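As structure tokens, one chain now follows by itself in the form predicted on its own.
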């Protein structure tokens, strides 16, 4: 009887801390051996000439989120799984919605069932848009006990945004329960004011989406989000940082020892505001928030990545088709920018774009790439050491990568549910030729081989990385968390 279920042989294994030519032995879905040569396996995959990377961990993506009026967004867990596997990603953290006037437990139960129909291993952030007494004191603790270890808040968007008092309530409850808080940082009132002024002057085309939310509104909200988190000693992650102004606020806080982490996305090193200014309605394809900036800003974001200020790169996959009654045109092809759905697809494109723009072009090392796209998000989300790394005991989640393969991105390659990719026609160098989830080949040469319903929920318990520091202004702490009582 074979000692291993699977051997991956002869590849250059990249751990994020160096690269070694070796074999990987897999048993019962876990990595159980890393050795010079493994021969005693029931199956073998020859990886000569390929990089063997940890399966990607995408810690910020929107999948099949139910809508208050019924239905859900277009990307289902089945189509999201195909898109993720096509791009080398094996695990995700996505979002349970909350609607104003509603609780969270019912949505959690529904979302668990939806996710179970997919093929991705998955965990959740719980969105908090209405922090009532019942939600925060009864339902949120129940959801956390189920293994949801992060709460998501928006400082902009109607009807999701929280004011400062509501945000503080979420921060203090997260601290009590041992959760991370993830934050969308843009100034709600400033965006509304600027939007009204732009529309008053007849400036309604998609391009003005970027004008309505310039870097200053992201910088201000990032500063405020960090300051309030520091006030109550609650660790936070700032999502989708688009500009150096916001990243510098994070860097200053990190220098003070504050537990704040920064994330960015492929769109903020590839797309620009000029894309939103394409003729007619075409610019709607590139609308997301924060908005893409300038080519000069790309270089500044790469520098913040190299400095470690931004240490996670996610997709923020939030897919709307260009056509159709659920897509970008749902309010008409002449809709003002305020009424065009925000968000772009990016599941399959994330790893190839960051490898190509980062590693292939010499902006970051291969080790950096592994940490930014797999190891760091797994650690920050409490999924390590099971996910995000190649190590004995970890799940056998692997991406076999051809670093020299040149591919022109097309919507068909993305395998998502929507009818376009904002990266259409972009050439990348480096591409996943096979994706392995828990020892099973789930994608080979672009063809998905996994079965629906095979993804697993990843509950997260308490972990030290997001433990509060125990430092508050003047030492005043009205409600210290259980860990420091």
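Residue numbers count along the first chain shown, from 1. The structure displayed is predicted, hence computed values, not measured ones.
If you look for the form predicted together with N-(aminocarbonyl)-beta-alanine (URP), you will not find it shown, but the lines that follow are about it.
In the predicted bound form, N-(aminocarbonyl)-beta-alanine (URP) sits within 4.5 Å of a heavy atom of residue 316. With a 4.5 Å cutoff on heavy atoms, residue 342 counts as touching N-(aminocarbonyl)-beta-alanine (URP) in the predicted bound form.
Although the partner is absent from this view, residue 240 contacts N-(aminocarbonyl)-beta-alanine (URP) in the predicted bound form, with a non-hydrogen atom inside 4.5 angstroms. Among residues of the shown chain, residue 167 is not one whose heavy atoms approach N-(aminocarbonyl)-beta-alanine (URP) to within 4.5 Å in the predicted bound form. In summary, the region of this chain contacting N-(aminocarbonyl)-beta-alanine (URP) in the predicted bound form, judged by heavy atoms within 4.5 Å and restricted to 58 to 66, 33 to 41, 421 to 429, 434 to 442, corresponds to 58 to 66.
Of the residues 289, 309, 123, 356, just one reaches N-(aminocarbonyl)-beta-alanine (URP) in the predicted bound form with a heavy atom at 4.5 Å or closer; this is 289.
In summary, among the residues 184, 293, 387, 175, the only one with a non-hydrogen atom within 4.5 Å of N-(aminocarbonyl)-beta-alanine (URP) in the predicted bound form is 184.
Scanning 131 to 160 for heavy atoms within 4.5 Å of N-(aminocarbonyl)-beta-alanine (URP) in the predicted bound form gives 152, 154, 157 in sequence order.
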